[in-house]
Every structure is written in C-alpha cells, then in structure tokens.
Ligand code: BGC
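First comes one chain, alone, set out as structure tokens in the form predicted on its own.
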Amino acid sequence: MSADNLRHLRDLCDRSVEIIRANQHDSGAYVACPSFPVYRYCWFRDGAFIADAMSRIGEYESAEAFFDWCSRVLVSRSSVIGSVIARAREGEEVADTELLPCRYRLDGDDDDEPWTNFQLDGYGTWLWALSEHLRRSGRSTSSLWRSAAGLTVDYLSAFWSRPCYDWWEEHGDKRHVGTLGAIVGGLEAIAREDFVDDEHRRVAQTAAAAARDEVLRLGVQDGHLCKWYGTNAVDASLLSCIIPFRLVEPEEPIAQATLAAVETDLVSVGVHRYLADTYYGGGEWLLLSAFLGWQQLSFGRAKDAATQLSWIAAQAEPNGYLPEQVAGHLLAADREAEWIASSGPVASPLLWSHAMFITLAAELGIVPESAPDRPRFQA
C-alpha cells in the first residue's frame, strides 16, 4: 500500500470522526442519517456499532454519551419491560407492538411513525459494545449502565426465541440467525463483566447457551449458517456471527463455510445484503464490505481486508460522505428508479458506514486504536 493511499485512508477516517461527531445529538443519540427522512432516528444497532468505532479510537466521551442515552431509554421504560416479561412468563400473549422498538427519536422518546419496530439484535449489540468499551478503556461503569444492562438481559432472556424483523427491517415472521448472533454475542459479553450480579450472569449465560444450541440445530444448512431457519440462503449479516459476536469461532468449519458462501453469493466487489435484495436495486453496502474485511482479517487475509477498505474509501463523495450503498453492481437494476422516485437518493452520509470504515481501519492498524494491540500499518 502506497504512502499516498495510507494518507488518504487516514484522512477519510478523520473525516468520518468529524461526521459522526457532528451528527451526535446533545442527548448522546447518533442519528442514522441526517438527510434521509426515515433514518432521522437512532437505532440501538447502528448506534452501538458507531459507539464501538468511536471508542476504538479514543473518542470515549462520544461512546459513553451514547451508552448514557441507551440506558436512559431503557430505565425510563423499566415498568413496561417488567410488565411484558411477567405477562409472557404467565403465558399471556404479548403483541409485537407492546415490545421495545428498534428506533427512537433522538431525545429518547418513542417514534410515533409506523415502522417495523420489533427487532432484538440492537439490544444484544449495545450490550456487546458496552462490554467492549469497558474492556478497552478500563473505565468504570455507572449505576445507570448497570441498571440498563440488567433490564436488557432480562428482556432478551424472555424474548430471544421470538420471531422478529431482521437487520434490514424485513421478514418479521422469521427466526433470523444474524439477530440470534447479536443476542448471543451481547449476552455472553455482558456476563463477563464484573458489575453483573450473579443472577443476571446466570440468566445471560443460560439464554445465550440456549440460543447458540438452537442455531446450531436449526440455523445451519449445507454446512454454513443460513439467513433464517428453513432456508439455505445466506445474508451478509451472518458475517457478524463470526466477528465480532463469535456465535461460531473463525477456526470452526461452520464459520469457514459461512464466509465462503457469502463471498460466493454476495460479493461483486463490495457486498450485497442478500441475493433477492431489491432495495434501491440491491446495491453493494459499504458497511457490509467492512464486515467482510473484518472477517477476512480474522482468517489471516490482511491483503483482502485492505482491499475492502480501499474499495469503501473509493466510494466516498467529494465531501467525504459515505453512503449506505452504491449502484456499481445491482442485483435488481430495474427496481432502482422506483426507490429513487419514492424516497430520494440513497442515504448519505450513513453514520454506520463511517463507523465500520473506522473499525476496519483500526483492525488493520491503519489508524491506531486507543489501546492498540497490533502494529501500525506501514506503507
């Protein structure tokens, strides 16, 4: 990698940090995208990955402001969480609309617009991001974080086995392996923290073990993880089940087969979400290309990972914005125009894209992590 290319990548990381900072609300919430109307909210999923990226490069106050926001959202709803858990345990039917939503207004209030709101992966992801931050930073937790983490453990342990919408706000009647991976990763991560009491540690470990066992029984087809139970199709969100959530470890055959299936089915240059994708024509998603590079690096393929990072950087707009997806290789080109007509241009800047670019750059050592455990990438 040339010195000029390294400089460009580091400059884009700096620009990504600026964009994330500029789009963090005073409440601590990260807006998903400031210019795309239905993304002017904060998701636990997107926000957790953004906070993790900021934590990696020493932007601790930004990450902790987000964790404070998550915690206030959860603690303010503690009575609702307790009620739906109690009702579910009594065998009473609890509607999806009564459960926690996936996105909130930036001030932490409920979103009052219709949305496919019942998604569980974000709640697992925020537990994972909080744990990673505490491990990385060595900073102490707050009583607010402890209370919110306990509520999240209780909530996920009660509802992890329930069908819900996936990362893409789709197919709410399915059991999504990517979602279950985030739940397992979050519960196992938080169970390792010293501040977790023995009862919550036991509950988290029990639910995580049950979810992993179920996925390995029902969520594997042709030797690889599958998009949802009952299909052999793959989805790029499955990459997260290897790194960072470690539903399966990189050295396991299932992980190797999953990576191979994703690369065979979903990679043009960047990475598509899934083969049947028609959203904006089914383009290549920058954040998923970063996930792919992260996996490749865990398999010892540093050059391939660096190629993904450079490809992402090449998609940057002149102002440094990284979009959600690009249209160089569309899976359903005949559907692109209708999305542009109905919803406008592709979302940009997407803060999750910027976060995953930072994450992969940090993993490669191109920008230093706050507590580096690998050498800085050299030209």
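Note that the structure is a prediction, hence the values are computed from the model and not measured. Start at 1 with the first residue shown and count on from there.
Absent from the display: the form predicted together with ligand BGC. The rest refers to it.
With the partner omitted here, the stretch from 57-65, 334-342, 314-322, 43-51 that lies within 4.5 Å of ligand BGC by heavy atoms in the predicted complex is 43-51. Checking F118, W228, F299, Y279 against ligand BGC in the predicted complex, a heavy atom within 4.5 Å turns up for just one residue: Y279.
Here is the short version: of H200, R273, H133, H224, the single residue with a heavy atom within 4.5 Å of ligand BGC in the predicted complex is R273. Proximity of W167 to ligand BGC in the predicted complex falls within the 4.5 Å heavy atom cutoff. Looking at W285, you'd find a heavy atom of it within 4.5 angstroms of ligand BGC in the predicted complex.
Using a 4.5 angstroms limit between non-hydrogen atoms, A29 is distant from ligand BGC in the predicted complex. By the criterion of a heavy atom within 4.5 Å, L350 is counted among the residues contacting ligand BGC in the predicted complex.
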